[in-house]
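What follows are structure tokens for two forms of the same protein chain, given separately as structure 1 and structure 2.
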Structure 1
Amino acid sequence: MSTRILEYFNYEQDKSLIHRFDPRTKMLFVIVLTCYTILFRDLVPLMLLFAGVTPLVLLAKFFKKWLRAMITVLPLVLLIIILNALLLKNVPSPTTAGLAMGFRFLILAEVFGIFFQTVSPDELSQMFIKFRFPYSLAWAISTAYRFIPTLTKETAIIVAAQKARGLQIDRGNIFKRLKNMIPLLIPIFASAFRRSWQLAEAIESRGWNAMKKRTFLYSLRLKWWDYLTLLLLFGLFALFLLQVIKQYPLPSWMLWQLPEKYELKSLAIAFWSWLKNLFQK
């Protein structure tokens, strides 16, 4: 499961419409959508936000990978919904709140997936440099991002090798599974440290950071579609700030909640009563 999640955040080179946008535009898109995802607490606005972001996955041409990732995290989403529905108090509809939390998690995964699927490590490094970050910090972030696919493949190889030696990773209770993860963590960390030392020696032998002013083969430049999108995103961010300050009420249809008879607690109590009566008979 972990390797599938890491594959979801791997950059995939393509010539889609989303790939053509500047990474700074996509970074602002992530910030604005994250703000709206945190702002909305009701189910209907989050469902509309999720439906509005999903077409961008199709435009970025990674729908199959997105769908596999959503299926992978589905048990976690169900756990979030169930825990919120059963444990939340002082909430009119705990099940609706749990569904809203599940959609919030899916939206954030979707938005960050669009960013990492369409921004290359080189673009990420140049974006931080354009933001006046030190080159060493920008290089470190882009290098860590660049090594995600490599570490994912090595992790899959180590897991397969340990399974071939008889390690039962997927069997037993949760404590036994956590104990069986130790033979995986040691070689994974050893491989990561070995690669970090090799990379440090390679860049030092090439005179890394010998010159204060860096030059690049390609430089980021905002296109006309970037300016239009940035104008739209700044407008949405201004609306977000206005809503935070003024606290305008949402329309009544956006405040819809599940009826009380469909609450998870009510359904669980009804099922338990039916099961209890069945055995008493």
Structure 2
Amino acid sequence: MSTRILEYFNYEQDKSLIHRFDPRTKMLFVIVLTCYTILFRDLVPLMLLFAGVTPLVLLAKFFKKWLRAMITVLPLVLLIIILNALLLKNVPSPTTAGLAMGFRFLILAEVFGIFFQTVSPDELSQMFIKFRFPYSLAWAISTAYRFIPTLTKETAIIVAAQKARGLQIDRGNIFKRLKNMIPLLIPIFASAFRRSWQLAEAIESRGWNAMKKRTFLYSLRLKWWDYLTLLLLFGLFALFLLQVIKQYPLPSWMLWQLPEKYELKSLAIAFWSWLKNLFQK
């Protein structure tokens, strides 16, 4: 399960429409959408938002992956809905609020998913450079990502080597298994440290931070479609701020709530009495 969730946030090298947008545009998209998701507390606007974002998943060409991830987190979403529906007080309809929470979670998962699916680690680090973060931070992000395959390969070798010497990794209870991991962790850490030391030497020898400023062979450039989208997103953000300050009442159809008899609590009570009746007979 955990690997499936990790996979969901893993960059997919594809040439979809969404991939062609600048990471800064996508960053603003994530910020604006997060703002709106937090702004709305009612079910209908959140459902509309969800319906609006889902096509973007299709455009980013990772619908299958998204579906798989959603199925994986479904129990969690259900838990959010049920707990909210049963435990929330001081709201007219706890079930509606619970469902709204569930949709909030789904929207956020979608939005962040789109970002990480379509922004490569390199673009991410270049974005940090454009935002005037220190270059070392940006470099660390892209290098960490680049070393994942190397370290995975090495870990596999270490595991195989220790197994060949009789280490039993998947035997015994959880504590024993954790204890069995120690002979793996020590060489893995040692080699990672050695690697990072050697890399530090190598980049130092090639003039790391030799000048205060540095230049770049490639850097990000906003295209016309980015400007257009940014304009739209800034407009949406302005609307968000306006709503936060002025607190306009939402139209009544947006405030729709589940009828009393479909509340989870009343459904549960009805179910309980039905069961009781069944056994009394």
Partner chain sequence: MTYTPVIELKNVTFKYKNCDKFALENVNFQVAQGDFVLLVGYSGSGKSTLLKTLNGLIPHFYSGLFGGDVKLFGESIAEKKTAQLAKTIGFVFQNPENQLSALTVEREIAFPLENFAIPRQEIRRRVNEIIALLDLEKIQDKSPFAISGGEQQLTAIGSALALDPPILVFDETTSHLSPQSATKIIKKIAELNREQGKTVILSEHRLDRNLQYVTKIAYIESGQLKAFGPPREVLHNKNYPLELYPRITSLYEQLKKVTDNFAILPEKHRKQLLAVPEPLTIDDFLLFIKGGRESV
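Numbers given to residues start at 1 and step along the sequence of structure 1. Definition used throughout: the rigid core is the maximal C-alpha set that superposes within 1.5 Å between two forms. These numbers were taken from a predicted model, which means no experiment stands behind them.
Point to revise | Of the two forms shown alone, the one predicted alone | key: It is the first structure (the form predicted alone) rather than the second.
Point to revise | Ser125 C-alpha relocation of at least 2 Å between the two structures, rigid core basis | key: No.
Check your understanding: If we fit on the core, is the Cα of Phe116 displaced 2 Å or more between the two structures?
Key -> No, the C-alpha position differs by under 2 Å between the two structures.
Check your understanding: Core aligned, does the CA of Tyr145 move at least 2 Å between the two structures?
Key -> Shift at Tyr145: 2 Å or more after core fit.
Exercise for review: Taking the rigid core as fixed, quantify in angstrom how much the C-alpha of Ala161 shifts between the two structures.
Suggested key: Its C-alpha position differs by 13.3 Å.
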